[in-house]
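Next comes just one chain, in structure tokens: the form predicted on its own.
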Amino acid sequence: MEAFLEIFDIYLLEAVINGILLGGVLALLALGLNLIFGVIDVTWICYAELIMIGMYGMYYLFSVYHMPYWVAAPLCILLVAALGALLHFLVIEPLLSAPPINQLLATGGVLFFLQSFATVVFGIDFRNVGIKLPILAVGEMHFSYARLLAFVAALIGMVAVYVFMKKTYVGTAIRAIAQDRQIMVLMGVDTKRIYLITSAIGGALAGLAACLLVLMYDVHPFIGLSIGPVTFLICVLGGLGNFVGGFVASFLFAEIISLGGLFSDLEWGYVLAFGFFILMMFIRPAGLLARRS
């Protein structure tokens, strides 16, 4: 019995650590979507499809054109940042004064367009960049180097965004618009320029996520269906536009998934996480860290 409990404790600790590693990647995904919603007040339903395009970009740059990973990754981030800015210029900006349902339908249309475009151009085959990273063994626990690398890179990306938002003029303007966009117009801030920069930053975060996820998952036209719902639920659970809430919700969601996978299949971990989300929508419908009225 004692031996069983000892092994169980090791597996439990391994699941908790894996949940922390997963939470870092989920927090990066939520940061980009929360940034866009908090500033522009538009939810990009197609955000995960930008990540999918970025993953295809990494596949072709690294596996087809044989660029080093450290060269392909910055190019991919710039590509998706430009795609985010283009999406804002062509789709979001003309609909800023439209009802929210029109904005959701428009970004939903972009979602299906990008899925169909990827299916026609790339086919439905699953593609892998072919990077095989070793497994880190700590005693009887085992951790993926790919997930460790993704966790560290995600933290660096989040810290970089935090410093940018705190220490630069543009970052200060972004935070000010997120708090009160009406008064910033009266103070002479070019909101259109800030919106465009925010969309580019959101796209860059999606590109960074693509560079990390491509180390762990195959890329195919419908990979966004696996990433998008979880990212959106985390943002809602944390409170749309609430960066701290999204950060907390990411790690909470990841731990439920990881621990649920310990006691049963990984799919049951997701079931438990979604069940927790539904329950919290009754208890804290405005988000985990929202103030009670």
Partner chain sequence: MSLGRNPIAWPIAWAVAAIVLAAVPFVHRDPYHLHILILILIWSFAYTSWSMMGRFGLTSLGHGGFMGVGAYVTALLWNHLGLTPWLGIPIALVCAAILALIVGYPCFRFRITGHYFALVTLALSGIVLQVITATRDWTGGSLGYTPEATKGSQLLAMQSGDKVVWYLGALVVWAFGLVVWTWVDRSMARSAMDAISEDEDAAAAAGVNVTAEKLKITVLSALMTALAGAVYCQYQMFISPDTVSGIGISLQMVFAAVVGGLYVALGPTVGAIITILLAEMLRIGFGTKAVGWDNLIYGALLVAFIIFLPKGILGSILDRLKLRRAPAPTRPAAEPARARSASAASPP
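For clarity, every value in this text was computed on a predicted model and none was experimentally measured. Positions refer to the first chain, counted from 1.
What comes next is about the form predicted in complex with its partner chain, which is not displayed.
Trainee: Would residue 53 count as touching its partner chain in the predicted complex under a 4.5 Å heavy atom rule?
Mentor: No.
Trainee: Does the 4.5 Å heavy atom contact test between residue 260 and its partner chain in the predicted complex come out positive?
Mentor: Residue 260: no, not in contact with its partner chain in the predicted complex.
Trainee: Answer yes if any heavy atom of residue 236 is within 4.5 Å of a heavy atom of its partner chain in the predicted complex; otherwise answer no.
Mentor: Judged by the heavy-atom cut-off of 4.5 Å, residue 236 is in contact with its partner chain in the predicted complex.
Trainee: Is residue 68 part of the interface with its partner chain in the predicted complex - any heavy atom within 4.5 Å?
Mentor: Heavy-atom contact with its partner chain at 4.5 Å: absent for residue 68.
Trainee: Looking in the predicted complex, is its partner chain within 4.5 angstroms of a heavy atom from every one of 45, 117 and 282?
Mentor: Answer is yes for this spot.
Trainee: Which is the contacting stretch out of 158-166, 211-219, 193-201, 94-102, given heavy atoms within 4.5 Å of its partner chain in the predicted complex?
Mentor: Selected range: 94-102.
Trainee: Sort through 134, 130, 139, 108 and report the residue having a heavy atom within 4.5 Å of its partner chain in the predicted complex.
Mentor: Contact with its partner chain in the predicted complex is made by 108 alone.
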